[in-house]
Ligand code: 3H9
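Quick heads-up: it's one chain on its own, the form predicted on its own, in structure tokens.
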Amino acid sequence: MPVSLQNHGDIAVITVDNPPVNALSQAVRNGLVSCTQEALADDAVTAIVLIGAGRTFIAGADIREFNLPSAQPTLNDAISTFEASSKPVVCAIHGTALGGGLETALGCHYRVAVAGAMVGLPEVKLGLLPGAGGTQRLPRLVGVEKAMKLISSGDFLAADKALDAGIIDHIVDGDLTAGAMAFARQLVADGAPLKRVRDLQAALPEGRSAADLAAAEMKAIARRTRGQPAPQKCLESVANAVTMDFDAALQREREIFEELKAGPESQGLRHAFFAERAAGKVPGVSKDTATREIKKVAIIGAGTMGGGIAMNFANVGIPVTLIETAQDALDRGLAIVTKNYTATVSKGRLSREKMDQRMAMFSGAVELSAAADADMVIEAVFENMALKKEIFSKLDAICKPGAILASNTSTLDVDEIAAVTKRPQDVIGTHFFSPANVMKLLEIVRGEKTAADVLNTTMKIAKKIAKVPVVVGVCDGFVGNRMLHAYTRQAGFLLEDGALPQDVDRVIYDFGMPMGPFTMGDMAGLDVGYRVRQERGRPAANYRYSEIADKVVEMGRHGQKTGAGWYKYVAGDRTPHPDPEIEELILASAAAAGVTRHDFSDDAILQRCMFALINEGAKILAEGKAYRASDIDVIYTNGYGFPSFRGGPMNYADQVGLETVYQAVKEMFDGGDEWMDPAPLLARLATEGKTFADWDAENN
């Protein structure tokens, strides 16, 4: 049984034991009600303690049940049982009390916790609001203003902060069960009242109304939450704690919850949640697959990328050696690492003591031989196949048997790199995203001969350094950058066809991306893509090529770093300003190419860019370079800023409808754009009335 009752003399202890995180499934809710009723019926019981078994209290609802018909009892039913109890109910928290877990705790008369516990209502991160009284009880404990901030952000509070705020009543030292029972016995001895949070008044700051507070908070979070209805609805529901009676506000809270749950934003966020977990399931790797021990890491290249990668290992206490070709380059690299940590300390996000501990994990060297004792070596030099092959050939001779040899290549053939070694089974791609010490995504490139234990070890070490790992296959650009090329190519063609950079960027930003392709290019440096295009040469004659991007670079406009790119910039300010000189260049280039420009609607601009992304994703999926459509979504939401509330490009395609996507792609192809050859998988799924989610279900 997931919930059990055990009497300890006069105290009934109700224990939730539903591994791994004690989610509030229907069986748990039913157990909570029945055990509470049993304890209330026992005259020998004077108080009740509710506690969680295992590593945590209750980490939230079982969101796997969200798509199922509502089952009785509801969480509100269970909470009402505690709240209406004639005997004190004490909630004992360890680990986390999140979402429905905290709502359960708020329905108890008193709450105690161990010092390391965390509480929060993070439903907004799934496009929802707390739907079991969270927006009504929390403001009655902490005040309307603080409740609005906590619920609209989904932030967690540590136990000491929760105590200060009034969410918990006592911090227990030592054994939680014993401490909670002692607290409950003291309540009985003192004749303490049964504190029902629902009976309290939701406090407002003097001179402020709930509507004022909601408007101010919405303004503060507007940029971060654009396109998402949940934050606004959270604020609205908290305001109802002041303007409506409890039961009416509770009913309205549930109505809003159901409205949000049915919306595309919550569906997208829930998809992203499950997709990230599914990405950890890799063919040929199981819980029984061996791993290799990683006690020491070496990074080849101490530039911005190499230093950022190294920080990830130092952060978790793994010694790391940065290797450069010359001492001055090594010194610059270590100085950048120090500067990054110092900036974090200055912002109050890291103590000086922690910084010193992390810096102590670093050592430096100017000879590849320093990698001889490393368990894992990550090459992080610039994208040049000849250079990478030279390094791997040398590492093959230097590194100890069993060492994992990884390349941070973002586009190059990992199998070709592995072929220069006598141990291709030990070679793997680890494509970190810049800045590597910040970005969550890690594309793990599985070579043809990469050993299962190497892959499993790399997946596990990625999680240890707080990355979101996704396994991909070997192809030009792998998954993320290959799709990005299709997206930016269409953006470039739009300029010739009738749009301007600011038109495209506005549409993409409004869609939910952090920036449009031209602002992104200016930030990254336009010369980077220019060099890649020069190396690759022009595509076949029957494939369209726009020269506008090349001409911008040849004008000396490399982006923000030169003060001008697609836009112009004022010194010390990264705000992009449209430039008439670029408009003139676009018009002249279109005329020279014989293109008749025309106006585009916002929808047309969005389709050109996003459907190119999706079509390329479908090709990648059919080629087996990604195991799941949802893996592609994880890559894009974690590495490219694709809005999580849309679930990723492939989930967005499912929401739009694959027939709609296919017809638009076919129309572009039939109109003469050879790049937009419809992916056969997209065509098949559209014809069959299926989705990418259906494909995942059938093939995994």
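Residue numbers here begin at 1 and follow the sequence given. Keep in mind it's a predicted model, so treat the numbers as computed, not measured.
The form predicted together with the ligand exists for this protein as well; it is not shown, and the discussion that follows is about that form.
Here is the short version: of Phe274, Tyr545, Tyr530, Tyr509, the single residue with a heavy atom within 4.5 Å of the ligand in the predicted bound form is Phe274. Of the residues given (Gly127, Gly131, Gly617, Gly107), Gly131 alone sits with a heavy atom within 4.5 Å of the ligand in the predicted bound form.
Mapping the unseen interface onto this chain, Leu395 falls outside it, with no heavy atom inside 4.5 Å of the ligand in the predicted bound form.
Interface residue remark: Ala59 is counted as part of the site for the ligand in the predicted bound form, having a heavy atom within 4.5 Å. At a distance threshold of 4.5 angstroms between non-hydrogen atoms, Gly100 is in contact with the ligand in the predicted bound form. Not displayed here, the ligand is kept clear of Arg185 by more than 4.5 Å at the level of heavy atoms in the predicted bound form.
Only one of 310 to 318, 207 to 215, 453 to 461, 116 to 124 places residue heavy atoms within 4.5 angstroms of the ligand in the predicted bound form, namely 116 to 124. Along 1 to 40, these residues reach a heavy atom to within 4.5 Å of the ligand in the predicted bound form: Pro20, Val21, Ala23.
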